[in-house]
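This document opens with one chain alone, in structure tokens, the form predicted alone.
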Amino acid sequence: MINEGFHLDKPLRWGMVGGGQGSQIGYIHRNSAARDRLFQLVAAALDINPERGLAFGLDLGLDPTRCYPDYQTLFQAEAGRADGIEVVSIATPNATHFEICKAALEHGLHVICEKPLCFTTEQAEVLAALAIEKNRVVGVTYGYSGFQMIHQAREMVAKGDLGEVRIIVMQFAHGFHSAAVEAQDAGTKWRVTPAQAGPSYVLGDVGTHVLFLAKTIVPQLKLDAILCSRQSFIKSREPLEDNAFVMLQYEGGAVGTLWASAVNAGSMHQQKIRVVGSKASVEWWDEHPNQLRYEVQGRPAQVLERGMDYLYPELSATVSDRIGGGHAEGLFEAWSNLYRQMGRAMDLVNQGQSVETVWQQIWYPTIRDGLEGVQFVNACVRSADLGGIWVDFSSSH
């Protein structure tokens, strides 16, 4: 069980950019940050409309003088306060992530950023270098990676239960945008608009989630080359894809596939990952997140359950269960685990440790993982636009 007594001497003073009224992702951020009392929301620039942002900030219980019209004013005003924010979460459309994250780091703030971190590998490298220079934590919200059974799979790989990892099969293929819903839905509209979404739709929006699950479960594998085919079945979305197939080659010989889609009609999520080793395989599905299927060659399949004593004890260092086995945990618990880990990391940095040292001590989706996500999207776009050819992963900018 989670150590509910763990706390910081004082909660981290926390601000938000975006995530205003009606924002599903904003609510997830606020709910998850509040779970373990490591963060306290004290200031925000919640909405592009200042009046609307102020009204919603008051609803959240914020001081009206700390409800700001934009992120520039937020950072400047809070920097002048003895009790100013120490951390900011960025929950805005993709096109704004780079400039807001860069400004936050320049003001000496820790950052929790929605993915993608930015549009280009060059931008991501700028942010990574700035985070090290300023010694600030930057976490990226690959929220599904906070589920306990993902980390059970990680421990099973590390302990050799699967043998040598050979194949990783990934997919995140929902059907909610199998028609042109963006005509009536502003939240979808910006995701399929290049100026706001960047060079990709589903590869960046959902594909990077399951890619990071693979990175979490099998951290020793390094991507070597990618081949991608992408389609725009709703033609008005061109050049952004609403479906893509990716083949992956890893250093050392392992291979993978990834299917990212928003047009898998009838599907809820279909986010699944299967890791195949020389002795056994594991499979996880986000619609049944409390279970991990474990299949040893020549034996009956097993379904491992969250919160049980037979799971590896090392899980308590990262994502302990928040309620006993048999009770269903979900996305809010997974996100809370991410916020808990990032809060622990920020506290250690505030105490004087270097962010690079903390990366080695505490698991969380780091800025380096965000950079790899951006690099993955760029590699896929380059491969597809060149006619579906193999491209070197490291050369994709």
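Model, not experiment: these values are computed from the prediction. Start at 1 with the first residue shown and count on from there.
Beyond what is shown, the protein has a form predicted together with another copy of the chain; the following relates to that form.
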**Message:** in the predicted complex, is there a heavy atom of another copy of the chain that lies within 4.5 Å of any heavy atom of residue 269, even though the partner is absent here?
**Reply:** yes
**Message:** Quick check on residue 183: any heavy atom within 4.5 Å of another copy of the chain in the predicted complex?
**Reply:** no
**Prompt:** Going by a heavy atom distance of 4.5 Å, is residue 227 a contact of another copy of the chain in the predicted complex?
**Reply:** yes
**Item:** Partner contact for residue 243 in the predicted complex: another copy of the chain, 4.5 angstroms, heavy atom
**Value:** yes
**Fill in**
Given 231 to 239, 195 to 203, 79 to 87, 212 to 220, the stretch touching another copy of the chain in the predicted complex at heavy atoms within 4.5 Å is 231 to 239
**Asked** Would 257, 264 and 297 all count as contacting another copy of the chain in the predicted complex, using a 4.5 Å heavy atom cut-off?
**Response** yes
**Request:** Let me know the one among 47, 333, 372, 347 whose heavy atoms come within 4.5 Å of another copy of the chain in the predicted complex, would you?
**Result:** 333
**Prompt:** Which residue among 250, 144, 98, 71 has a heavy atom within 4.5 angstroms of another copy of the chain in the predicted complex?
**Reply:** 144
**Prompt:** In sequence order, which positions of 315 to 343 have a non-hydrogen atom within 4.5 Å of another copy of the chain in the predicted complex?
**Reply:** 322, 323, 324, 325, 326, 327, 328, 329, 330, 331, 332, 333
